[in-house]
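In structure tokens, one chain follows: the form predicted on its own.
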Amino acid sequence: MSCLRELEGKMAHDHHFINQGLGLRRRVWVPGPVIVGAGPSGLAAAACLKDKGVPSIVLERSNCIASLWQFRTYDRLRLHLPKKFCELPLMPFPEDFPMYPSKQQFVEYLEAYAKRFGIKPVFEQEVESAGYDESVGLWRVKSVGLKGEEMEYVCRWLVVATGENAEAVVPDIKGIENFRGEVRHTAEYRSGSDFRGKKVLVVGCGNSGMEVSLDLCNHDAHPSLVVRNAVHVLPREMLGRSTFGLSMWLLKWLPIRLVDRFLLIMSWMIFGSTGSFGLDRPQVGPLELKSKTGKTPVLDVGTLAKIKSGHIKVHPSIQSVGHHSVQFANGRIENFDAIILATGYKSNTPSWLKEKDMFSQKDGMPRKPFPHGWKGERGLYAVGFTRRGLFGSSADAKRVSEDIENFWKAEFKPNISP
């Protein structure tokens, strides 16, 4: 197929595309890409495409942009990295925003971003399947609306922007179904004020687990933290600069292992040995570990001081849960009023994308490692699966828009006569 009109003609005479009456899906031909997901990744992709003159449509299962940020994050959340590393393409943060914008400020930035580039997602569209139709050389994206109405979007390009954090991860913990207290994932946690005076066990010691523990402590709860694996904890700032920014600068001149060694020496000088209070470090350095596995080091915002002072207790992994108690791997048993699961999120791509070459069916992530995971075959793309946060999403969005622009200009841009 050499041009847009040939595709439209084929659709018009193909029985697959004919709406045969009530009860069938309404079918919509999209001349540009369909983008699934209206979080930061989807917005960045749509803006970059718009900037290059390529139209797109964004489908979002929620009723707003960035639903994860708006509905599934705790109140005290701030960006973990300085704003210059978190801005989306073509639009910086406002100058009066602090170095680490709050959750609400970031949402305001995203809303202003969508308005600036005229991005108007189709909300409340739950994509139930997307597959490539070999017979016509197009993608079919099937969705269901809030009231059960069914749609089918037909397109040449499909951009998966649902990201790494589409669904909460709930681990299988022996006996937790018998626990008589409250069990809540961090996706449902807003503030420690709900747990004032209570003994709360936080499961997971990533950035979320550490910050939730601190938030609980600041609201006069009595938190304990389950540390199941070795973890790198770094200060958020070193030598008057953000640790991330300093690392990026050093990597321009030094190999990653030397930079890791520097980070660990500085961390030891600031914190002392984290292993002495239950936070053993991995054998591999923080940046190398991030590069190999995607595991992000924790950037401390005050939690370590509370652990050192004894206000936050540290426990090893859970062996089992009773009606009111938890038994740990070291045999110790303690009672708790609530359990918070800071166990992260995962991609939900395998549940709806009918494709097995680009995305792994095991974890829903691109099979090719960064920076090659953004492009698949037959017009399939990914934005926001780099394990490098907003910085990675922006890089993906730029690559995807440039690639689609080349096809758009060469083959699919309509010839409009004056």
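The structure displayed is predicted, hence computed values, not measured ones. Just count from 1 along the sequence shown to find any residue number.
Here the subject shifts to the form predicted together with a small molecule, a form of this protein not shown in this document.
Remark: of stretches 26-34, 46-54, 360-368, 380-388, the one touching the small molecule in the predicted complex is 380-388 (heavy atom within 4.5 Å). Remark: residue 296 counts among the residues lining the small molecule in the predicted complex, judged by a heavy atom distance of 4.5 Å or less.
Among heavy atoms of residue 153, none comes within 4.5 Å of the small molecule in the predicted complex. In the predicted complex, the small molecule lies within 4.5 Å of some heavy atom of residue 81. At a distance threshold of 4.5 angstroms between non-hydrogen atoms, residue 290 is in contact with the small molecule in the predicted complex. For the options 244, 336, 113, 139, the one in contact with the small molecule in the predicted complex, meaning a heavy atom within 4.5 Å, is 244.
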